[in-house]
Structures are given as C-alpha cells and as structure tokens.
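One chain comes next, on its own, written out as structure tokens in the form predicted alone.
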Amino acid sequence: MANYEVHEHDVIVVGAGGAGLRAAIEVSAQGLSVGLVCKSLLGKAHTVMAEGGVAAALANVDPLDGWETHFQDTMNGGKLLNNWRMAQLHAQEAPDRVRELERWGAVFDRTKEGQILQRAFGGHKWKRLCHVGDRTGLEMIRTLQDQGVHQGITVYMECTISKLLKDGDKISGAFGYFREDGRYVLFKAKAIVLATGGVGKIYSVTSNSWEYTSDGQGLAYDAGADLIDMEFVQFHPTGMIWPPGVRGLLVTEGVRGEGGILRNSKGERFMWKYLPESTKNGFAADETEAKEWVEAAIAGKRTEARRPPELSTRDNVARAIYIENKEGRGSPHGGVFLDISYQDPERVKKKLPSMYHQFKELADVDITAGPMEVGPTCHYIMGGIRVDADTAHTRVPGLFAAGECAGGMHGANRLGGNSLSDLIVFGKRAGAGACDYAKGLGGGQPTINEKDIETAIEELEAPFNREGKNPYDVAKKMNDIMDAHVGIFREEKEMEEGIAKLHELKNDIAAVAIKGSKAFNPGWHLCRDLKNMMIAAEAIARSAHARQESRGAHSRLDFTETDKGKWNEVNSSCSKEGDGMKLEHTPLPVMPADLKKLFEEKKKESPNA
C-alpha cells in the first residue's frame, strides 16, 4: 500500500473561505486543536469574489431596519421554503458578526458620521449591505485570515479531501492528497466541518471559480448525510458575456444598487414588465420616480421615492433577461446592457473600482463612458447538506457543514448579501458545534479503519491503471446536459431526457483515465471531482423534475405557478441508498406563532421597499 502522512487534530475544517475560516477561528478560540484544509492557496477562496456587501440590519443608514425586517425579507425572498430557525439566527446575529469583523480590522466604507455605510440591494427592504467598495469579500477574507493566522491555526494548502472516514456511524477522520505532488495524507479528527462552497462547475457558464466542484456535497452524501433543496440553483442575472475568455465572470449587483440601468437592444428599460404583482408597490412607478431614488442615493439623502425596478430579486431579473433574448431583444452576444455611465465618472470609479478595472482590462470597455454587456451566469446553490440550525450538525455524528455547501438558510432563492453574513454567522456556529461534540467524546480519537484507507487509495489510483474516457470530455458532456436540460427554465420532458443522459454519463465517469504522474496533473484531480459533480448534478435534476411548480430560482415552463398546497410545505431530500439515490419530500420545520405574525401584519412602508 502507498505511504501516507498522518496529522491529528480535534477538529478538521475543509475549506478556507469565509465559513471555514470563521469555523476554524472559533475552534481555536475554544482551545481545541484545529486543522484547516484548503484546495487552493490560502487567500484564494471564492469568497473573495463576493463584491456587493454583507447583509446585516445595523440600521446605520435606515434607522427603521431591524432583525425582524431582515428575517421577513430573507423568508419572502426564499418563498418561505427556508428553515425559519436558520433565517432567524442569521438576521439576529449578523450585526454582531459584522461588528466583530470591524473589531478585527475590516475597513468598511463609512457614513459621514463614521459608521459602517450600507447600500441597497435586490430584495432587501432597507439599505442593509455593509461594503468595502465592490471588494467586500476580499476584505472579509483578509480580515479572517489575519485573525486565524495570529491564533496559530495550522493550514494545509493545496490539499484535496477525497473521502471521509467513519468509526461505525461517527466521523473519525478524512483522507486526501496534496495537489502539488500527489502524496497522500490522513487526518485523524473527532469532528469535521465542511465549508467547501458550491457546485457551479457542473454548468458551462458560471461565476464560480475552479474549486466549485461539489466537494462537500459529494463527501457528505457518501458519508450518509442528506442533501436538501438541490433544485434551487441561482443564476445571477449579471455576468460578463464577452469576450469568451471571461464569460460568466460576475458583475456585482452593487452596480444596480448604485443606480445601474438595464436596457435591451432597443434601448428599452424593460424590468418594469417583469415585476410580480405582489411586489409592484415596492418599486418606482416610472422613470421620474426611479431617477429621484438614484439622485437621493448619490446625495446620501433619504427619499420617499421607491427603488428602481432593476433591484428586483435575482431570480426575477435573470428570467427577464432570458425572455428578452428569447424574444429577440437581446444584446449582440446574448445578454442585455447594464449602464451606469450617466453618473459622474469619479463616483463610479470610487464606488465600483473592481468593476471599472475588470471591464477596462478584460473587455476594453470603459463603464464610465458606455454600457456593459451582461447576462445570466450560474452563481449559487440554495440547496446543500441538511444541518441542524443551531449547531450546523448533519445527521452523521461528528460531521458539520456551513456556508454554501449547507442547505436550508436561503430557501428557494437567496438575497444578495445574505451569503457573506451566512458565512460568518454559521461558520461560528459550526465551529462551536464541532467543539461541543469533540469535547463530548472525551480524550481518545475515534478508530480509523485501515481497510477504508486502502479503498480510498485504490479509488484515487484507478484512473492511472486503465484505458478509458478523457475526463475533460466527460466534464464537457456534463456541462452540456445540465445547460440544456436543467438550466434557468425547465420542463418535464427535457429533464427526463437529462436524467437519462446523466445516468449514461455515470459509466463514463467510472471509466475516466489519465496518463502521467500525480505531480501537477489537473486531469487526475478532475477524475475525482467528476464523482462529486455527478452527485450534485443528479440531485439537482431529480429534485427539479419532482417539484411540479415554479418557486424562487426553480422555474418550470409546464408548471408556471407557485403551489400553495403540497409544495409549499416540503423540502426535497436526496440520500444514498445502496448504489442509487433516494429522493424524498420531508416536511418543513414549523414556524412558531410569534414569528408567523410578522408575515400577517401590515408591513411598514419604506423608501426602499
């Protein structure tokens, strides 16, 4: 059997984005030994790409804001399919977690009074997003990293976990390899926190980085956890679509939050046509009122004007852009135009520095002088590993999850800015939950089964020992299937064909082969990634096929309405059963009466509602 190195910790955290770093900081602060394992280099986590801001009801700009309104917005944005307890904890604790970042050195933009500045974002009733220009995620990672390094956290960089190990039914460790040279590594641990992010690489156009290959979802599923709400995949309405080399790269919602206007190829401001009747009262009725809102925002003043239609929820804007293209009013490369060039160039550069440089350097477009060409890009998955709201514990003893790889918090559609606050709220809770569990086990480590290590090594080395499929061809085929059959719009026949094609693709994944050595061999890494990607792809397709309604980010052409009956009360749940996937529909947690009243009472009107 191949040699492997061994490291022992109380808790292992897999993933070094916002959730993973915050979890590791919490474990370290409680005096336990923690190992932080990241697939890339420290500081390269996808959290750095979150630009617009972190949502927290600080009420620095709009004094009427509070956790109750944030809770309402989150639940309404998620079409009430959220785990209510997660949404409540998130709304209540986000302000403290943001102030904690500030104490640790995060440099936020400021109001004239010196408080953290907050901006408007789609789906949020009040100006709620604390930001650092359009580089908020980068500042968050810098701050958390500094805090973690100063606490002496042990970091294992460029290391991929390929298998979770168990002692009976409980977690005992993890096995993986270092990407640089392929040497194997065993981590012994009492508890593991998964914070690996999303699934975007199963689609061809995505804002997600190369790390987003469903690692946490696949690892947890194989270990016995269940995946919920996987049908809800968010397509961010504004990604770069030209030139081809940057297709999918995110264009922050902050552009629209600062007054950016969406127009089609005819120059029409089209979003008014797509506002749902239930939300129309919250938006400007015409160009004049929308202009008043923007002018007040630029001046830093309050206004009675309602917010522009471009600040509708992401699922709604993405669908609108899709329809504009389908009906022949799209831009030359299949998107629409986003324009903020009518504002003072210096203000645009100050408020959106990353966007200015991104378009100037990558597309030779000056956003202070003309419009950007944008279109939908796979951005985020609301579904993920089912966890307990208070502790982030999965149903596998000793296994925890936080961040995008965990499900429940966002329901059927995530509001912009809620992802960053999700990371720090539930990263802390996952770290605390893992600590409590590890302390409860006492002094001894769970037992590692040597047979499981042998199996893990055999799985990793198999692609070198056979003639078979090129992993890049197989990945391209998966992208094509998901794009064509389980994309922004879905219908029964298309999804049935997609599920059948995915079933056939499993044989190709089982036969992927690679040549060369383990050193600097990305094709070998992809061979392993494909297994996790297939788990997520199948869960998305099966869950979407079963949910016969349209809700949030799940849009069906054959069931266009939201069902207020059966589908209003259940989560989709996928779990491993033998060699197959079992799909069930489990009841939503029941919201207590005092919180239900928040949705029955007449909402307060606000200038941003």
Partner chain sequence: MRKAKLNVYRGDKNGGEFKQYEVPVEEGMVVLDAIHYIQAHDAPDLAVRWNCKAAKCGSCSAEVNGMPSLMCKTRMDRFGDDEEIKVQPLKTFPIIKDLVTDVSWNYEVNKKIKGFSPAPDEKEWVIHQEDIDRVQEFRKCIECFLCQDVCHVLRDHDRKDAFMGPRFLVRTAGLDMHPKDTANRMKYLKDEGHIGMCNITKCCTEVCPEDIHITDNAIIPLKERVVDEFYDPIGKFIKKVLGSNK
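It should be emphasised that the depicted structure is a prediction, and the values quoted were computed from it without experimental measurement. Positions refer to the first chain, counted from 1.
We do not show the form predicted in complex with its partner chain, though everything after this point is about it.
*Picking from 413-421, 242-250, 437-445, 394-402, which part of the chain touches its partner chain in the model of the complex when contact means heavy atoms within 4.5 Å?*
So the stretch in question is 242-250.
*Does G523 reach its partner chain in the model of the complex, with heavy atoms at most 4.5 Å apart?*
Yes, G523 sits close enough to its partner chain in the model of the complex that at least one of its heavy atoms falls within 4.5 Å.
_Please determine whether P345 contacts its partner chain in the model of the complex, using a 4.5 Å cut-off between heavy atoms._
Output for P345 is no: heavy atoms all beyond 4.5 Å of its partner chain.
_M355: touches its partner chain in the model of the complex, heavy atom cutoff 4.5 angstroms_ = Flag for M355 set to yes.
*Is the gap between E211 and its partner chain in the model of the complex 4.5 Å or less for some heavy atom pair?*
Yes, contact at 4.5 Å.
_Heavy atom distance at most 4.5 Å to its partner chain in the model of the complex, all of R110, L362 and K515_ = Verified in the model of the complex; spot residues all in contact, yes.
*Go through I453, M157, A305, A462 and name the one with a heavy atom inside 4.5 Å of its partner chain in the model of the complex.*
Only one option qualifies, and that one is M157.
_Give me the residue from A546, A29, L41, L557 that has a heavy atom within 4.5 Å of its partner chain in the model of the complex._
Filtering the options by heavy-atom distance leaves L41.
*asked:* Suppose contact means any heavy atom within 4.5 Å; which members of 136-152 contact its partner chain in the model of the complex?
replied: Those in contact are L138, E139, R142, T143, Q145, D146, V149, H150.
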